[in-house]
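In structure tokens, the next block holds one chain alone, the form predicted alone.
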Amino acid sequence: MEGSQGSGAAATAWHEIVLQTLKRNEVKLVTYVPDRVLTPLIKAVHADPYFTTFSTTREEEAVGIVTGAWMAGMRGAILMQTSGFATIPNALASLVVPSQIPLLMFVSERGTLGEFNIGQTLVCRTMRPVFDALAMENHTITRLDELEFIVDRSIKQAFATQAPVAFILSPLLTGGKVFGK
């Protein structure tokens, strides 16, 4: 397949690839709103002393913290789920995009592939059009063999061009949320 991806990439879990790519790009701050799908990544950044990691009460709070950190010289990322995205378009449109903040957003995708919650499906349907309306780079990642390349190159571009980027982590990549009966 993708020979440039390096051997052994398929043997590494998605969250470990994200963790190593953040470190390689000197992203030290990770804020998040708790999410079951992102739990492996959240636990991994908490366990690694390289990162300053903490939970926020709302997604727009995480945007403000990462924005302030950038202004102080620190690179940061936000972890959230699809429904949390619905709370932040104003912060993106009025702060992040016009101020040219290279905000990194990792969004666990809900609202597709068997979703039962109508709220999740509605936000999922509108999330990409909102990113596009803001001219905000966004990538839906479905395959492990493309994860490192897309995240690494997009982070580099975000910092070089001072523009935000969103990584939508598909259930095809993460396994998604398991729905019990």
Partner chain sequence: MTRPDPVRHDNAKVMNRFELTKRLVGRLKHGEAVIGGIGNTNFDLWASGQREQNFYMLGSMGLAIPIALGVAIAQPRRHVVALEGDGSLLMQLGCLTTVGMLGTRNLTIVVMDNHIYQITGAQPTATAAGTDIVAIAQAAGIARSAWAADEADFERLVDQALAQSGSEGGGPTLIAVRIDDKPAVATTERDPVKIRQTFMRGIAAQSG
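Small disclaimer: the values here were computed from a predicted structure and weren't measured. Residue numbers count along the first chain shown, from 1.
Although it is not shown, the form predicted together with the partner chain is what the next lines describe.
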Checklist outcome for this item: Here the chain appears without its partner; judged in the model of the complex, the stretch of 124 to 132, 34 to 42, 50 to 58, 144 to 152 with heavy atoms within 4.5 Å of the partner chain is 50 to 58
Checklist entry - Does the partner chain come within 4.5 Å of any heavy atom of Ile101 in the model of the complex? => result yes
Item to check | the partner chain contact at Gln162 in the model of the complex, heavy atom, 4.5 Å | outcome: yes
Next on the checklist: So in the model of the complex, is the partner chain close enough to Ala91 to count as touching (4.5 Å, heavy atoms)?
Outcome noted: yes
Item to check | Contact of Met136 with the partner chain in the model of the complex (heavy atom, 4.5 Å) | outcome: no
Item to check | in the model of the complex: members of 71 to 95 within 4.5 Å of the partner chain, any heavy atom | outcome: Met71, Ala72, Met74, Asn90, Ala91, Ser94, Leu95
